[in-house]
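Starting off, we have a lone chain in the form predicted alone, written out as structure tokens.
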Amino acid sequence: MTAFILRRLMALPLVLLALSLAIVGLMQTLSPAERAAAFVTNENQLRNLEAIIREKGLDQPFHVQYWNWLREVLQGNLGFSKASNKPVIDTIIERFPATVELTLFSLLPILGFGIWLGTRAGLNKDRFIDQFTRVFTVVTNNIPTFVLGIILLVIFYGLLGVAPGPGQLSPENQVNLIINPVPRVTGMLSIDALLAGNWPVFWDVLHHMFLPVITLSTVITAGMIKVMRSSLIEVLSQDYVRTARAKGLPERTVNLKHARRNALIPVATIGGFVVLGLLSGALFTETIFAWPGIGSWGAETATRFDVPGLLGFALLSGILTVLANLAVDIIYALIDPRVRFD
């Protein structure tokens, strides 16, 4: 297992190198002034881009520009974001925990409910639970995330008034947070408020998180259910499952220990990329609910043509993609030992 992980880790530098070359190559389609914005670290430098062009060699050959960009990135300088009015690296550090927080709370229903309902549907093919599951997945899988988010916001906030409005905190708890600051241990406000014993802030964040989590998990869970159901039905038809039954093993043992374990392999793939999509920023959901995560910032950088912000968002998404692929490979190896010898 260790050798398998090391082989995957050895490939990471090459993938990251290709990613960095692609980002710098993309920058070549921009004007020198637009490329210079990627090296700006404060608002004052925006007024003197010509000096940055000369200093960073943005009129030099590609390899010179690539080296200058890489050196700045390794020093933690990703430029100055107009969308957040602060350096890109500071924006990522500030906003990424909020996206992680939304991801963690969304994964609970996505993985738990998705695997459970997919398993029940696969084990009861063509029965009521399977028919219900197919209708549920068809309906929810075809609702765009932004449409569902708006519908939930209109009904539960606008009409019924049982859910809070957009944002992460209500105005009174924003004041509470100023008066009684919560130490930023994890960067996730709900967790930090819990650790600090600030219960009003903790419950308020959970209250505001309810509709975004429902929006994300409803749409994404449909795909998880479909993959789990299809995979389990296919596995149940395999010879080794029939052999296990012929040996007289209990049906629960055959279904859950033998069949479901192997059916989880495709689920591991989709699960890895579900996490990737959530961590990269559930752009529409965060924008609709004004959630202060990386996705809503990424959307704003696009609307304001914030070049450093866009490049920083692209770099973060690329790194997360590489790490997600590594995680999927490791999960594969844990579920199916045969993969370790590929």
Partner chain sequence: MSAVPATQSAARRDTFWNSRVMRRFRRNRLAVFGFFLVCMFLLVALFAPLLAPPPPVGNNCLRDVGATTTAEALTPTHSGFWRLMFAAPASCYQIARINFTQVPSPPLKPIATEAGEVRPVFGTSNGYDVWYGIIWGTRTALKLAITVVFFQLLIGITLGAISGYFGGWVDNVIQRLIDVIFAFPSLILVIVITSLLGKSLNFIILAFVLVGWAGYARIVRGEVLKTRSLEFVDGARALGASDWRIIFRHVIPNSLTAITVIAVLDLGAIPLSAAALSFLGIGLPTGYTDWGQLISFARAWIQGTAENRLEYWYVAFYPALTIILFGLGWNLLGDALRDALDPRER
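Residue numbers count along the first chain shown, from 1. The model shown is predicted, which means the values in this text are computed figures rather than measured ones. What we label the rigid core is the largest C-alpha set whose atoms superpose within 1.5 Å from one form to the other.
Heads up, the form predicted together with its partner chain isn't pictured, but that's what we're talking about next.
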Open item on the list: Is its partner chain in the model of the complex close enough to L26, A314 and V322 that every residue in that trio has a heavy atom within 4.5 angstroms of it?
Closed with: yes
TODO: Give a yes or no for G187: in the model of the complex, does one of its heavy atoms lie within 4.5 Å of a heavy atom belonging to its partner chain?
DONE: no
TODO: Could you confirm whether I53 comes within 4.5 Å of its partner chain in the model of the complex, counting heavy atoms only?
DONE: no
Open item on the list: I'd like to know whether N85 contacts its partner chain in the model of the complex, with contact meaning heavy atoms within 4.5 angstroms.
Closed with: no
Open item on the list: Does any part of L326 reach within 4.5 Å of its partner chain in the model of the complex? Heavy atoms only, please.
Closed with: no
Open item on the list: Only one of G112, G167, G76, G158 gets a heavy atom within 4.5 Å of its partner chain in the model of the complex. Which one?
Closed with: G158
Open item on the list: Which residue, I129, L206, I265, V147, is the contact with its partner chain in the model of the complex, using a 4.5 Å heavy atom cutoff?
Closed with: V147
Task: Listed range touching its partner chain, judged in the model of the complex by heavy atoms within 4.5 Å, from 190-198, 102-110, 85-93, 159-167 - done: 159-167
- [ ] Could you list which residues of 292-325 come within 4.5 Å of its partner chain in the model of the complex, counting heavy atoms only?
- [x] A299, A302, T303, F305, V307, L310, F313, A314, S317, G318, T321, V322
Open item on the list: Could you check, with the core superposed, whether the Cα atom of A18 shifts 2 Å or more between the shown form and the other one?
Closed with: yes
Open item on the list: On a rigid core superposition, would P87 pass a 2 Å threshold for CA movement between the shown form and the other one?
Closed with: no
TODO: Tell me, please, whether between the shown form and the other one the C-alpha of G272 is shifted by 2 Å or more, with the rigid core used for superposition.
DONE: yes
- [ ] With a shift of at least 3 angstroms, figure out whether the C-alpha spacing between L310 and L30 grows or shrinks in the model of the complex: closer or farther?
- [x] farther
Open item on the list: Having a change of 3 Å or more in the C-alpha distance between L320 and L26, I'd like to know whether it is closer or farther in the model of the complex than in the form here.
Closed with: farther
